[in-house]
Structures are given as C-alpha cells and as structure tokens.
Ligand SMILES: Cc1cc2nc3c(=O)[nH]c(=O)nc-3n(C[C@H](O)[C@H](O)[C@H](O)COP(=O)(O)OP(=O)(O)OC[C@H]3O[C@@H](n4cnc5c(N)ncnc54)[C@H](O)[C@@H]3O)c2cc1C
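A lone chain, given as structure tokens: the form predicted alone.
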C-alpha cells in the first residue's frame, strides 16, 4: 500500500515552510518534500520587506531603515516604520525550518524531486505518496502548476555577488532602456548583490547583460571573473486552489513583476493556505490584500511599459507608496 498523508507540500522554500508551520501540531499528517538534500542559496536578491513579518529573524540579515529609488538620475528616498532587510536564503530557510523541527505530525523528506502528479498521488524520485490535499510550493517552474495545465509568464533576473560593502538598498529604474525593468544593489553581510530584473519579451538576455555590466562599472564596482547567476520569476497569478490542489509562492505566480518582490508574498500565501486547509471557511484576508497590492503595482508597471517617458516619477512613487500603505494597514492589525 502507498503511504498516505492528509497534506503533501511540494517545496521547502518560504511558501512551503510557512504553510507547514500552520499545520504543525494538528491532527493532520503532513509530508514536506524538497528536491534538495540541503538548503541551498537560490537565485534571489534577498530583500525582505516588512510585509514578511519575521521580526525574530536576525541571523544572516542586515537592516535598512531607508531605501533609495533612482529614476534615471533622480533619487527618491523612502523610509519604513520597520526596517527592510537583506537576508541569506539559506539562513531564512533554516530559520523557517527551525519552527517546525519538533512537529510530530510533519515528515520532512529531502532529496525527493517531484516527477508527476497523478490523481491523488505524487510521484517523486524517492517514492509515490497519496495525498488528501496537495500544496504546490515548488517555485517559478513548478511541476505541480505544470501538471494543472496552467500558463506561466516569466520575468528574468540576473545578478552577481560582488565582494564590496554598501550602506544603502537601492533600486534603479531606466524606462528608456529597460522599460519597467530595474537594476538593484542589495547589500548583504558578505557581498553586494547587484543585478537586473527584466521582461524577456521586451529585452533580450544579451542586452540585459550589457546593461548590467555598464551599471556595475558606473557604480565603481568590479565584477570581472565573478559568476553571473539568474533565474525566472513567475508573475502569472491564476488562482490558488484547484480542487484539492493549492498553489503558493512563485508556483502560484505570487511575484510582483514591477518590484520583483517574491519572498514576502510567498510567506503570506503559504500561511494563508495553511489556515484555509485547517478551516475551509477562513476568508484569507492577508492573501486578498497581498493580491490587491500585486495587482495595483502591476497596473502601474503596465503603464510604464506603454508610456515609459510620461509621468514616470509619479507612477513609481505611487507604486512604492502602495506598498507602504499596505504595510501600515497590516501593522495596525497586529
């Protein structure tokens, strides 16, 4: 007989781990799967905004009370009530996994790559398991999403980790060359994560590499010989529930295309889906607000795609003020 679990969670990233946390110490049997045997750094700028919560997370982070947004040569400064952080993805995963380490009802199976979803079964490289409910939290190229036949819309991010220090998070918009794409500098404890996010339908990868190289030189940085990393960002949200299958995080398209923010949305969606599984009548207020924020940001971004030279400063100030309005509303309920 196949081993059966009430809930199988595919993917032990922020979305999968936060979902598992909601289900710990309940009457449900939970299997958490991940294709890797150890937590590894994933392609990511590593920004953690106040949307994420996690005030107790300190290891592997740096705190920044202000962030600078550059529109061409103009600088706009934003301050947040709670500091924005940069975080090591390994440190984040270890922190979230530590929250469920002693949960007797959760089995964590590492090195189990998801191969297929067939009916109420998940087929993995380490066996076949039956599920009552399945949570696809397996990233931007989600196999669970693919098995559901849902479309993907992907942005791309390229970055390198430069051995340099900086004291400011900065995001740089240059509409004339990268439309609603952006460049960034995110200081971490041991490096300066510097990269570019862009829509491959509007900017080809070789051009993006050239723009990033020029940007690095303009900033007085040196990246010669450093490995360029990258990965896709799925921003195509098509729903979170499909019968007994749920999608969370990047698998659900919970990435903001204009800002590239994904970790916070992944944490929110994972938590909310866990609560929904426990209580089918739960109204999911945090997920609804996060989706509203994502939609408004993407409307602003789409206007930039169409009118890159018109009211750019206004649109981006609106885009970021929407984020902080959401943060303030969320904090007021805590």
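All figures in this text were calculated on a predicted structure; none of them were measured in a lab. Residue numbers count along the first chain shown, from 1.
Not on display, but discussed next: the form predicted in complex with the ligand.
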- Message: Check residue 148 for me: does it contact the ligand in the predicted bound form (non-hydrogen atoms, 4.5 angstroms)?
- Response: no
- Message: With the partner left out here, check for me: in the predicted bound form, does some heavy atom of residue 173 sit within 4.5 Å of the ligand?
- Response: no
- Message: So in the predicted bound form, is the ligand close enough to residue 286 to count as touching (4.5 Å, heavy atoms)?
- Response: no
- Query: Is there any non-hydrogen atom of residue 122 lying within 4.5 Å of the ligand in the predicted bound form?
  - Reply: no
- Message: Checking a candidate spot here: are 45, 159 and 263 all in contact with the ligand in the predicted bound form (at least one heavy atom each within 4.5 Å)?
- Response: yes
- Query: Where, among 242-250, 220-228, 97-105, 74-82, do residues come within 4.5 Å of the ligand in the predicted bound form by heavy atom distance?
  - Reply: 242-250
- Quick one: from 90, 236, 213, 113, grab the residue that has a heavy atom within 4.5 Å of the ligand in the predicted bound form. 113
- Item | Any residue of 121-146 that, in the predicted bound form, places a heavy atom within 4.5 Å of the ligand | 137, 138, 139, 143
